[in-house]
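Just one chain is shown here, as structure tokens, and it is the form predicted on its own.
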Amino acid sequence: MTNTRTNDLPPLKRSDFAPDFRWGCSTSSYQIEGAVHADGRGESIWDRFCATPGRIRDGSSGAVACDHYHRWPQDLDMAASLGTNAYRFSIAWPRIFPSGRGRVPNQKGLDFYARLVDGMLERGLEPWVTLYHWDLPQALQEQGGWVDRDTVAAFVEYTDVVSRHLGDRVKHWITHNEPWCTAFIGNYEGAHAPGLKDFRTALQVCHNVMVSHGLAIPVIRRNVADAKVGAALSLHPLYPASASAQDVAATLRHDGLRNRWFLDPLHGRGYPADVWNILGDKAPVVQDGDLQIIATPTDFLGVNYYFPEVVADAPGQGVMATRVVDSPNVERTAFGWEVSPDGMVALLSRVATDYQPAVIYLTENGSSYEDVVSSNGEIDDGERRRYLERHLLALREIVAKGIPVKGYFAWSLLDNFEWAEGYLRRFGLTHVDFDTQQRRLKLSGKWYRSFLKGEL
């Protein structure tokens, strides 16, 4: 599982991939937009979470972030200058319905995203909308949040309004980004908004989010001619900490909740029986027809890949009796995440073999490193550049194996508000000085540009 550093990587060219391959960057609304009080936007759970002392490591918030709400033309110019042909972004639900739902949407919020989409199209960027990237309206959280079935109905109403408003120009739709994080990091680990720590709640949140995904799909199809719809899952290749029967069994249990809990129902298999049997009375309430709704056919599967996980048996530790452990002697990012291009090959090979999705998109892949700003203003992020190049080499291998990956979105176009880490972690191909809002393309971004423009 180690990744040897080499001085000479194999040559890599954009022409190694199909002419219609999507190349882009991903962003999300709360992480970059700022302007949290502008033009009628309501409060989100992340606004409330950030206002609670001790929640964010550096005490910051997304109140200003990259000020993308006001600087979006500059940011889209940057994306287009890289040579990308697609751009993934998310809609802030509180900009559309400040209180979560209502008879009349906030027109200024809709107008902002209409301008943003028009700006993409003017620059030759295919817009990819993510409807939910974690910024639930706080008003809905106060009424129960995702654990309440009414939030499912509210999401469908929100989806209807947004898809009707943008559907003449936007054809690619992602319902949810990383429902694992929505459910478990936000409602069990408590490290993300809304900051709850209850396993049963997390499981019900997860189920309701998945139901809302299924219910949203026919709404989007009704409103958008030739719509392409999917969800973006955070998935991990998993390895046992040892060859012991206990660690091998623990890895299977962990896979059941971490990966199969999402992949199985989305592909019509229902929830994994082995996990369901372990959950007992903590299992979610599933209404008649829910599993059929979750399995509503999609056009693609979005996969967010960052790192593998190593799993050990942990009797008495949590419901699943597993724990993720650090492997020794492996390369890691500044965030502590293992660097493993081979893991991406293994993961997508497994997904393609076990579930046979018609199309896969890598909707996120990226790395956090400490940027070095030189005296001449250049940002030397050689480690990120190397990370990117090695993962694109792995992507070429994946495509050569016949796995139907049709696009790659680097995370992220910009340094941004990195959730519970605040501004302590930088993932951008573009450096953002958060005091001045100056944008400067990093070495990694320049490499990506050279790759996409055939200049390597």
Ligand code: IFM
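Computed from a predicted structure; not experimentally measured. Throughout, we count residues from 1 along the sequence that is shown.
The following text describes the form predicted together with this ligand, which does not appear among the structures shown.
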query	finding
This ligand contact at H172 in the predicted bound form, heavy atom, 4.5 Å	no
E178, heavy atom within 4.5 angstroms of this ligand in the predicted bound form	yes
Close approach of Y87 to this ligand in the predicted bound form, 4.5 Å, heavy atom	no
F262: touches this ligand in the predicted bound form, heavy atom cutoff 4.5 angstroms	no
Single option in F427, Y30, F409, Y69 placed near this ligand in the predicted bound form, where near means a heavy atom within 4.5 Å	F427
Among the candidates F199, W337, Y355, Y369, the residue which, in the predicted bound form, approaches this ligand to within 4.5 Å (heavy atoms)	W337
Contact stretch among 383-391, 410-418, 59-67, 34-42 - heavy atom within 4.5 Å of this ligand in the predicted bound form	410-418
Residues within stretch 133-147 having a non-hydrogen atom within 4.5 Å of this ligand in the predicted bound form	H133, W134
